[in-house]
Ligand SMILES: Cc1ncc(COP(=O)(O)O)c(C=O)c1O
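Okay, so here's just one chain, in structure tokens, the form predicted alone.
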């Protein structure tokens, strides 16, 4: 049974401030990411509880964005908030070179849900530097340089992580060396003229093999993949694809890195998204859902083989806040709550029994929905002008749709021509039903 979050009480976080006051102060002083600064009009959020947030003017919203798809445990979970407070009063910070009980416990908790071949955890400040350090480990372990990743991907905004990213954000930031991109499976918009999932898998793997051969297997350190690409469209891999990538990595001596930053810790209804597939990676990166972003943290879960590379050899990487005790305490409390409250199971049931049938029913009603795809609490509605041509809807349509969804009381996650339906893993059936009514009404009201 999922425990209720801190009682919903917008008044508890209210002040004399208005939304306009907060936005004015923000616009004066804050430089926002991924944005042209002049035209910004950010939403002011004052507080939250479970799957709900509210602003300074008393408006409440169902949070079906999970902020940046990271508040898996919901807003203000009481056990996590209490653990952060306790740790802050006992030891607020400690250098990463020290041994610290809460840090070691956090690593042990994470490893208890990882594959048996995983032996160590290297803590970072977030997902981008987790991928950065995983790439570093793979290069040093293999003595090779190149990293293969997909065009439809996002791996973070640091040197190698952004170069490994496939989407448009990579192009003005390509300062890192040795990155090669491939197309992965995406049957709805197949790059391989495939008509079935089996064809898509076979042809995507053939494409990957040929790129490996053309680049020179002896030059490739790692293949870095989001297990389920998130920002790129919640692209659940076609059957056999990830197993085929694992086989290619084994054949050519390439390290398999799975980026579980967005998909891990309950998002797909499993502890890790790859749990649904018959594979074991060499390195796993995580962040976001491990503590729902309550305190910045991420990390790399390292196989015994790769960890042993650095038994007698210095690993040339580190961070001042690696394994920060307050972040570690939030991880321990989060994983305890996941286990004790069956939050992973809740995410799986919500996906199977409520989101999948509810979103499928929406697609039957609204021709603008070209495809529904996802797992757990990780779903996407791909919106098209025409189901036959699959032409994406316009940016103007998406903008008007977002305004209407917000007006109806739901905080959405929209990307390109998609609605990403990504509530916290603690979401209730009643909240899902409310969200489905809002999506339905918005799709009815907003026309092309």
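Source: prediction; values computed, not measured. Numbering follows the first chain given and starts at 1.
The following text describes the form predicted in complex with the named molecule, which does not appear among the structures shown.
In summary, the region of this chain contacting the named molecule in the model of the complex, judged by heavy atoms within 4.5 Å and restricted to 147-155, 201-209, 73-81, 329-337, corresponds to 147-155. Contact check for residue 226: a heavy atom falls within 4.5 Å of the named molecule in the model of the complex.
The shortest heavy atom separation between residue 299 and the named molecule in the model of the complex exceeds 4.5 Å. Residue contact check for residue 107: none of its heavy atoms lie within 4.5 Å of the named molecule in the model of the complex. Residue contact check for residue 142: none of its heavy atoms lie within 4.5 Å of the named molecule in the model of the complex. Just one of 370, 126, 351, 166 comes within 4.5 Å of the named molecule in the model of the complex, counting any heavy atom, and that one is 126. When the named molecule is considered in the model of the complex, only one residue from 231, 322, 346, 238 comes within 4.5 Å through any heavy atom, namely 231. In the model of the complex, the residues of 255-277 lying within 4.5 Å of the named molecule by at least one heavy atom are, in order, 259, 261, 262.
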